[in-house]
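Next comes just one chain, in C-alpha cells: the form predicted on its own.
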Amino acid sequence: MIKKVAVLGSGGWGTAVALAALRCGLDVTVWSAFKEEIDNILAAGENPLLKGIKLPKELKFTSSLDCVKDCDMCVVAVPSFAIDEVCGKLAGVIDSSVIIVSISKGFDKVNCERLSQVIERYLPENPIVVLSGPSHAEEVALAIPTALVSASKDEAAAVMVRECLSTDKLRIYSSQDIIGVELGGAIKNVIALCAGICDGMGLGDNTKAALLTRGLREIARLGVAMGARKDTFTGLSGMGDLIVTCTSMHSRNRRAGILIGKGNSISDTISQVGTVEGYHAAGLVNKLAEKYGVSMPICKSCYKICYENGNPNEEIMKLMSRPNIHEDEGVSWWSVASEEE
C-alpha cells in the first residue's frame, strides 16, 4: 500500500503531481538538487512556475535525497537531460520495493533510450511505471478534470499507481504498453514545436489539422516499429497529449515554435522559453527514424530547422510538394501490427 511519496523535481509538473498525490491523502515530499530553489518556493509559498497557486503547508520540500529512503513511491519529474544523473544517485539508496513513476518526457541524449530504460538501467529491481497523457501542470495543480495513463510491464504496479492517485478530478487508466505511452509523450513535443512554428508564421487551422493528423501517423509508425501497440496512439498518451500540447499556450514547445516561426533563432528561443523538450527530441527522433528505417517527413523537417538552419517556409513547401499518394499507402506497419495481434 502506498502511503509515502517522494517527488524528484520541483518544476511545475513535479509540483502539480505532488499536489495531486497530497489530495489523495498521501504523505508527499518534493525534492530539488538546488537548495536555493527550495528556499525560494518555501519563502514565496508558491512555485514560480505555477504562479498564484498557493502551496499547502502539508506539502514538504527538501534538497536532501534522504526523502527516498522510506518512501513507497518515487516520482521522477526532472528534465530528460537530468534523468541519468538523478537515477545514478538513487542506485543503492532506494529500496528495491519502491515503485518508480516516471512523469518526464523525452529521450536519453546519449543512447536515444526511452527514459524508463534509463531508470531501469540503474534500478533494475524496482517496478517502473510511466504516467503520461494530456496534462498541463497548471490545470492539474488547480484540480481541473484531467485523464492520464499509468503504464508498466508490471501490471500490478500500473494498477497500484492508478488507484492511489485517482480522484474525481484526476481519472487514470492503466496500460501495459509502456513503450507506446512513453513514445507518444516524447515525440508529440516535436510535432508541438512544428505546430508553434506554423502559428508563428501565421498559417491557419487547416494547416494545423493536417500537421496533427499526419504527425500522429508518424509517431505511431515509429512506435509500432519499436514494439508499441498501434491502439495506444489513438488514446490519451497519443492523440490526447498531441492535441493539448499543439493547441495550448501552456505548452513551452508550442511557445518556442511560435518564436521560431516569427524569425527568432533557435538559441534566442531557448533562452527565452527555457527547457524545450521538442528541440532535444527532434535530434533523437531523427536518429531513431534512421535506425528503424521509418519515414517521418514532418519530424525530419523539424530536425532540419532545429539543427541544420533549415528555413520553415522552404520545409513546408517540401512537405506540401511530396508525391501525391493514397492516404493509406505505405502504412504496412498498421497491417502487420494487426496481423501480429
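Residue numbers here begin at 1 and follow the sequence given. Here the structure is a predicted model, which means the values were calculated and not measured.
The same protein also has a form predicted in complex with a small molecule, omitted here; what follows describes it.
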item	value
Per-stretch contact check against the small molecule in the predicted bound form, the hit in 176-184, 116-124, 96-104, 162-170 (non-hydrogen atom, 4.5 angstroms)	96-104
Touches the small molecule in the predicted bound form: A82 (any heavy atom, 4.5 Å)	yes
Proximity of L211 to the small molecule in the predicted bound form, heavy atoms at 4.5 Å	no
4.5 angstroms heavy atom contact with the small molecule in the predicted bound form for S63	no
In the predicted bound form, E46 touching the small molecule (heavy atom, 4.5 Å)	no
